[in-house]
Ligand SMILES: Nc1nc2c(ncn2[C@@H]2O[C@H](COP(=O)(O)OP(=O)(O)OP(=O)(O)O)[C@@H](O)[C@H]2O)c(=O)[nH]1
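Only one chain is shown below, in structure tokens, and it's the form predicted alone.
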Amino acid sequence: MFGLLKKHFSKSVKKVTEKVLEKEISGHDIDNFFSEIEIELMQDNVAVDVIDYLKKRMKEELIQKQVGRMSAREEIRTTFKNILMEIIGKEPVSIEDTINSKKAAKEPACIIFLGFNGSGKTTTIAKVASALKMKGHQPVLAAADTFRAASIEQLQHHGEKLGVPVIKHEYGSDPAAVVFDAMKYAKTKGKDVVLVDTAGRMHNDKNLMDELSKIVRVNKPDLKILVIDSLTGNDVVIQATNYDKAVNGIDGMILTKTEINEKGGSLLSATYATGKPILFLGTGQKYEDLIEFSAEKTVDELLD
């Protein structure tokens, strides 16, 4: 996922290192090497605000620090790593801990998935259901995307393949009511988690975003997870920020299609914009193609 971004971060570290002899690093040094890679980072979908933050923190940590050529590379690499961890190393929420906590109270957990149309949200929900079922949980799927009959059918198809019940209403019905009925079913049948598929919507579609707010307000989900297409580009900041606002704060994000994304800047941009953690990365179309996100592993991959 990080081929190009890794190349450009490595390039920036190399450039500043080459200019360091036995002297203090200056703000001018840092400005110079950022100016040479800033356009490339933006093309890699790293938001301008993220670049500005990196530059500001690099200055705070490195200006007037005495480094020699032999130690400069490691010093700068370590500083870069720490700053990147500040951005993406948010403490993740645990879906399993949430389920177990609700189970102790004899209640099913409610987890709502939201996101842009075409982000891979429905397939991601099926992957999460598959993973939870393999760990002994009993998920229920709620087809709260009532705007597209095809979406209900898609979720039903996944439910049948996975052996997981799907609660659905007629096309055009109230999505909040679907979630309510799914929770009622789960409690009656002793299921421990409801995974809710909501309609994909443009972040600037006020009516649909208001409806999403209603679903959350009425059903009070335990977790709200934003599914983002990692190929979205620089629009990811606006998208993530507006969804976060619409539901009064998301709890985490899942990035999809990372197996075909050479850039990777959307990961940095989305976490910086929302201050919320990445939980999983989607790496393909199979149910098992969902990996738990590791901030430290990601940063090491970027800087190795």
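Note that the structure is predicted; figures quoted are calculated from it, not measured. In this text, residue numbers run from 1 along the sequence as written.
Unshown form predicted together with this ligand; subsequent notes refer to it.
Comment: 110-118 is the region of 110-118, 216-224, 87-95, 165-173 lying near this ligand in the predicted complex, near meaning a non-hydrogen atom within 4.5 Å. Residue in contact with this ligand in the predicted complex (any heavy atom within 4.5 Å), chosen from Glu259, Asp235, Asp31, Asp49: Glu259. Within 4.5 Å of some heavy atom of this ligand in the predicted complex lies at least one heavy atom of Gly200. This ligand is not drawn, but in the predicted complex it has no heavy atom within 4.5 Å of Ser130. Of the heavy atoms in Gln156, none are within 4.5 Å of this ligand in the predicted complex. This ligand is not drawn, but in the predicted complex it has a heavy atom within 4.5 Å of Thr123.
Contact residues in stretch 264-291 (any heavy atom within 4.5 Å of this ligand, taken in the predicted complex) are Gly282, Thr283, Gly284, Gln285.
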